[in-house]
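First, one chain by itself in structure tokens, the form predicted alone.
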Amino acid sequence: MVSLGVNLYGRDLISSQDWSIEEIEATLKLAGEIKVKYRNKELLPKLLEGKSFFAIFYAPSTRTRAAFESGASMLGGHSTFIDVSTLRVGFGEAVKDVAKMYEKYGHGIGIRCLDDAIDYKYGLGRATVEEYARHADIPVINMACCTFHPTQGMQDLMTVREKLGEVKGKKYVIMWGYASKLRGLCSIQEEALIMTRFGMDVVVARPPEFNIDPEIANTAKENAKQSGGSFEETTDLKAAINGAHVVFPRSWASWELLKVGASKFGVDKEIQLHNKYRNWILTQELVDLMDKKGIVTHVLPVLRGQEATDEVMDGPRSVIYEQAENGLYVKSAVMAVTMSEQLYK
């Protein structure tokens, strides 16, 4: 396999900001090699042979769970799905005790904690992931919290590079899209962070009430200064999409709701706010404003007919299934670089 040139063994991954550019690049190179071998039906090295990964889900998942389970298996290891409702944390058991015991039983822990599981209150999911990481002496991987989704960001960077080549200087638009349901910020913010680190011109196009975390926005701006990219937020949707190389349409809840939680803010009140912006949907008319080689991405699930039309999501510019496939290779690589001694011999 690829020579990494970095050592990530035993490291946590809470946000892509935690790893250096070189460490992310090494992980993506490994993911790319895994992809080639897997697609060519070549024998994959058993980098995770004898390794167990405990994936604790406070929130549901379609792709993340499947990618971690399949990835561990194809590299010779095992990923155990754990619904948090089957644990004793709801009975009062401390996270510390769960983390310390799983440390004895296995070699890595994944945590997914967001949205309904925390009543959409911003910060609680991240705090939960960080608590596991604080107590466990094995790698803790953030499988999505209220703030970050690092493996998603990495797989999307991998996909954008495959489709566009050099990404530095390319325009990446994160577009708020109307939805009749509440969604959190993790993928939005992770995209803003990782794409600005790699020199892209990131634009968050959204209605006035739907800003992202100001601290994350400031970090993205700092990333852009260092990489030669740029970061901005705007309420002018058409101007944002004009000439874009990537458009990612996705809904997220208002900042005011996220600060206090859905129950306190009021779900009906939030949906009324969303309904003011029903015209914020990615249509073919808007896609036609993009760069001629531009692509449409989505982390899935996409709320069809709300965030974007079927015509767009099933059209020739859509790369949503390639993104999802790349999740398998990136999540495999993340487990390997953090859990496999073989890579460092």
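Heads up: residue numbers just count along the shown sequence, starting at 1. Because the structure is predicted, anything quoted here is derived from the model rather than measured.
Below, we refer to the form predicted in complex with a small molecule, which is not included among the displayed structures.
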property	result
Segment assignment from 60 to 68, 26 to 34, 307 to 315, 40 to 48: heavy atom within 4.5 Å of the small molecule in the model of the complex	60 to 68
4.5 Å heavy atom contact with the small molecule in the model of the complex for all of R112, H149 and Q152	yes
Contact test in the model of the complex: I320 vs the small molecule, heavy atoms, 4.5 Å	no
Close approach of V299 to the small molecule in the model of the complex, 4.5 Å, heavy atom	yes
